[in-house]
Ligand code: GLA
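This document starts with one chain, in the form predicted alone, laid out as structure tokens.
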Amino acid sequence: MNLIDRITAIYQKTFGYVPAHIIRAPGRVNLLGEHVDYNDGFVLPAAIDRATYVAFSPTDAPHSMLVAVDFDQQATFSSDSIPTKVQADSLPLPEWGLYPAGVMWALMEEGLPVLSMNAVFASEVPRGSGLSSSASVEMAFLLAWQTLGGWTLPPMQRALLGQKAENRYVGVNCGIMDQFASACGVEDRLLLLDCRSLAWKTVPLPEHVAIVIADTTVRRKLTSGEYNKRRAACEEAVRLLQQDLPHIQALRDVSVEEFNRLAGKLPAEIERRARHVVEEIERAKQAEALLEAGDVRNFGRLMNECHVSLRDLYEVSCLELDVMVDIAQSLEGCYGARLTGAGFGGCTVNLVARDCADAFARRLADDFHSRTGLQPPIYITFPSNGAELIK
């Protein structure tokens, strides 16, 4: 039974009737531009063909009732209970419930009508793997409330409201990339986003190439403390570099040449963190011309360089990620491989010749298992459309 049939059946069993609507919102994978979104840089994600699905209908009840299939739990909340993060019965919201509740809160903050709903949802996006399962949940519920409310927001505005929900309600200080990719994805295209201006365009992914995502099964050990330390190091680098470059607002404003000239003035750890960001932003800038020209080989080289930088300069890799990348880069058909997402576990992203993808996935899984004892799920994916109403 596919996921849509499953949530439809659970909805009917729970509520006694067929859901009025179904929404799909994809996860995302980032091919280049890692840890640069909060430095006003450029990122190159794609929405993937693994998604969160929500079956829902309006209800006359004063509260919304949500069934989370993946957790085998339910939650109820209303506009009155949302501000205090509790359910209709005053019990605390479960952690998973903060994401849809945060979306409702953000919409209420905008003054938009948010109607009560009955909903059942489940996801194919593995949690904690760096593929933005939380953003896909946010974008799915935002589109669900738009469907019921009769108002319309453009995809980028929905992404910004999802980010606001995660930053200010859930309490995760994420950038815009995850919600943007889930909201704005385009089939068979990568998305190039300027994280400062929010201007974006699509870039072709050559037809003969597949994106292969390999899950180490090691769940992110990146505590919010480690993430915040990286952000703080970048901010400190800007503060110190402003002594010579008073015009800069973020590391995005520092060229590689300027950085090389001034790097010696920075403390060693700050220099490493900032060097990754400055050089990674330059790699992301080069990517557009390479992809437009169909130069997958040199684009893959940039991905390989990115992994080395994340490992050695930003220090957000781990043994399992390094093993996965090392194996992938040795296999036939692999143009480039690197960790994707925040790091310290989760997934790698691999750019692979499409006719080699199945054999690549099998070999990668077998070799990784023999070296680590872990059994990695591997997904051959293609860029997909963003959040959409499918019924």
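Because the structure is predicted, anything quoted here is derived from the model rather than measured. Heads up: residue numbers just count along the shown sequence, starting at 1.
Keep in mind that the form predicted in complex with this ligand is missing from the display, and what follows is about it.
Practice problem: Indicate whether this ligand has at least one heavy atom within 4.5 Å of a heavy atom of Asp37 in the predicted complex. | Solution: Although this ligand is absent here, Asp37 would touch it in the predicted complex, with heavy atoms inside 4.5 Å.
Quiz item: With the partner left out of view, is Ala342 within 4.5 angstroms of this ligand in the predicted complex by any non-hydrogen atom?
Solution: Answer yes; at least one heavy atom of Ala342 falls within 4.5 Å of this ligand in the predicted complex.
Self-check item: Proximity of Gly175 to this ligand in the predicted complex, heavy atoms at 4.5 Å
Solution: Within the cut-off, so yes.
Self-check item: this ligand contact at Tyr227 in the predicted complex, heavy atom, 4.5 Å
Solution: So Tyr227 counts as contacting this ligand.
Quiz item: Which of 167-175, 153-161, 238-246, 282-290 has heavy atoms within 4.5 Å of this ligand in the predicted complex?
Solution: Every other range fails; the passing one is 167-175.
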